[in-house]
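Only one chain comes next, encoded as structure tokens, the form predicted on its own.
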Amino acid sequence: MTGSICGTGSYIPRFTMDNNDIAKLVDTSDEWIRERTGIIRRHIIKEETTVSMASEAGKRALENAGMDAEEIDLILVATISSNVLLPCTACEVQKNLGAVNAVCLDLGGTACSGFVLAYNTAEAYLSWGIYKTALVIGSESLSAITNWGDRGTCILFGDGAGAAVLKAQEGVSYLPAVHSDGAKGDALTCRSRYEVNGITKKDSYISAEENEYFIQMDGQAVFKFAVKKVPEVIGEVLELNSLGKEDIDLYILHQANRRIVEAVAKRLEEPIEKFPMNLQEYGNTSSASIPILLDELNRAGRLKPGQRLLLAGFGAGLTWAASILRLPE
């Protein structure tokens, strides 16, 4: 058995900030941001929340799959920026959708690798016959944990959610390739604002202006990590499954930076046309980037029956992962 994607959905906040808007906050320019990242604008929450975006993306994925919420056995939500700690985001999605038969789990902490790891988790459950259907969601409100005075990070991030419905079907189940390197985790960090308790620490108040409680990133370290490890993990997952580059129709990479995607394509000696991008519109939406891109490709008619897609994410931990899926015939 394998988990086949049979529906996709996404939700993008209406409010946008382009590079000129960012230039009003920090010392930068549209030209500088475009040249170094490829990003033109990003969408930012106003009334929306991580939960509401996840719920809407999930609803749209179910509609696309032609399924009722009651048919879902498992809901997995990847996020590092939920508006709720308890109950988990997935349980809130279950409530909003009426998916009364679903087991619900959140996966957090790996950030931009989150959706691939959530997909792998769902695939394992489906392959073993534990569940028959899964709703896998990546949803992020990164604007809530972004330091809007730090030009090294505030130019990068946006908000949004994407979702995919997986159904257990007969077919080949591909092995994933997944790695973590905690020793290099300092390259991408964000401390919890809930680390103090007011009982054992005299001053329990944490100012929202304290930088370590926003995303901190060593941009050069993350760039070097990505352009080295992503091609390696792609080669590894192909070898694990006895496939060649010619067997892959599209590479769906985490949408962090145009230069990273182009560098990966060059190292793999694959045409850039096999690496679709939408980061120019959304920026880096962390765990939501891959499912948002999947949904856009699906609704644009670019996903065809029988295609093999290779998903690759890289993020906090540091973590990096790649998985192969085949679209149902």
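One rule holds for the numbers: they count along the sequence shown, beginning at 1. Since we're looking at a predicted model, the values are computed, not measured.
We do not show the form predicted in complex with a small molecule, though everything after this point is about it.
Colleague: At 4.5 Å between heavy atoms, only one of the stretches 262-270, 25-33, 56-64, 292-300 reaches the small molecule in the predicted complex; which one is it?
Modeller: Contact criterion met by 25-33 only.
Colleague: Given that the small molecule is left out here, which of Leu97, Cys88, Ile155, Ile248 has a heavy atom within 4.5 Å of it in the predicted complex?
Modeller: Result of the distance check: Ile155.
Colleague: Counting non-hydrogen atoms within 4.5 angstroms of the small molecule in the predicted complex, say which of Val93, Ala161, Cys112, Leu135 makes the cut.
Modeller: Among Val93, Ala161, Cys112, Leu135, a heavy atom within 4.5 Å of the small molecule in the predicted complex occurs only for Cys112.
Colleague: With heavy atoms only and a cut-off of 4.5 Å, decide whether Gln220 touches the small molecule in the predicted complex.
Modeller: Gln220: contacts the small molecule in the predicted complex.
Colleague: Whether Thr50 contacts the small molecule in the predicted complex should be assessed with a 4.5 Å heavy atom distance threshold; does it?
Modeller: Result no; Thr50 lies far from the small molecule in the predicted complex.
Colleague: Is Ser81 close enough to the small molecule in the predicted complex to count, meaning some heavy atom within 4.5 Å?
Modeller: Residue-level check for Ser81: no, no contact with the small molecule.
Colleague: In the predicted complex, does Lys167 have a heavy atom within 4.5 Å of the small molecule?
Modeller: No, no contact at 4.5 Å.
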